[in-house]
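Here you get one chain, nothing else, as structure tokens; it is the form predicted on its own.
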Amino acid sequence: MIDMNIRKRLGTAANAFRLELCLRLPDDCRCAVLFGPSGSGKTLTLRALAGLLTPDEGHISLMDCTLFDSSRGLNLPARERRIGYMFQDFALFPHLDVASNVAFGLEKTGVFRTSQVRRKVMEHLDFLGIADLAARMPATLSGGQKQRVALARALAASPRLLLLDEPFSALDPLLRGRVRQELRGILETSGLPALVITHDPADVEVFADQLAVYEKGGVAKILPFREEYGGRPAASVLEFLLGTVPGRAGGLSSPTISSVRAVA
């Protein structure tokens, strides 16, 4: 499904970060979770896939379509990649109401020009329980409401890959569980593949067909999580994750242990 082998240097000479990433996911992988310490390169991976970050060198392919290849001078524009992206900070357009934000991926102006667009927008808003917010402006919404609007916008454009950066972090626990299960159902029904960044063991349990474990600017290992470790409750997943990433004493490095325990 995904084949990435890229390198990117960011920052200054005195304070540089090097992303040296090799991520290969099989064709039968419908959903992969990217897990690891903050600052290990997970969000940079999503940005490179979406066309929002240009690697210094390497290649990226999605479903046998080449998105980037430095040796050939190929860099497909973000608008042509058909990738839905739900940003961690939501990135809603402040001058558009909720319905127009969701419609933006369907019509570039964000204007309802057809009944089909209006119907599709309202279907997604209704699914996420925010149909009553259609005429509201982003500045008037809570963090959880903004997150659901961003998710609706990512789904509405019928992408061939969905990128989710901490998709449920701003939702209350009851809503988080419902939306998590419903989103997994949508992915399974539609066959839409997804990459999910999370620090929540419950997300790993629900979404990880493959688990890509990050450390220090790259992927330390990729595990067939669903096949080998699926069906565990969140507490057992947490115990598993604490022993997964190379680090001190064969377990997670201390920043990751702290972040995982904080959400457990």
Partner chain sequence: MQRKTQFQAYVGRKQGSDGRYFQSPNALVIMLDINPSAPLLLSLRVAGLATFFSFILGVGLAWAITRRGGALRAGMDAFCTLPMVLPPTVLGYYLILLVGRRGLIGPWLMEYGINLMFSWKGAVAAATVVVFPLIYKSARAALDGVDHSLEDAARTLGASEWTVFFRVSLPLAWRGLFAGTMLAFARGMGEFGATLMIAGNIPGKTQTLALAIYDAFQAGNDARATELVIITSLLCMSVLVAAELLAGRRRSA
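Numbering follows the first chain given and starts at 1. What you are looking at is a predicted structure, and each value in this text was computed from that prediction instead of being measured.
Below: the form predicted together with its partner chain, not depicted.
Does the 4.5 Å heavy atom contact test between Asp89 and its partner chain in the predicted complex come out positive? Judged by the heavy-atom cut-off of 4.5 Å, Asp89 is in contact with its partner chain in the predicted complex.
Exercise. So in the predicted complex, does any heavy atom of Leu187 sit within 4.5 Å of its partner chain?
Worked result: The answer is no: Leu187 has no heavy atom within 4.5 Å of its partner chain.
Do Arg47 and its partner chain share at least one heavy atom pair within 4.5 Å in the predicted complex?
Contact with its partner chain, yes.
Indicate whether Tyr85 is a 4.5 Å heavy atom neighbour of its partner chain in the predicted complex. It does: once its partner chain is placed as it appears in the predicted complex, Tyr85 has a heavy atom within 4.5 Å of it.
key: Segment assignment from 119-127, 151-159, 67-75, 165-173: heavy atom within 4.5 Å of its partner chain in the predicted complex   = Checking each option against the 4.5 Å cut-off leaves 151-159.
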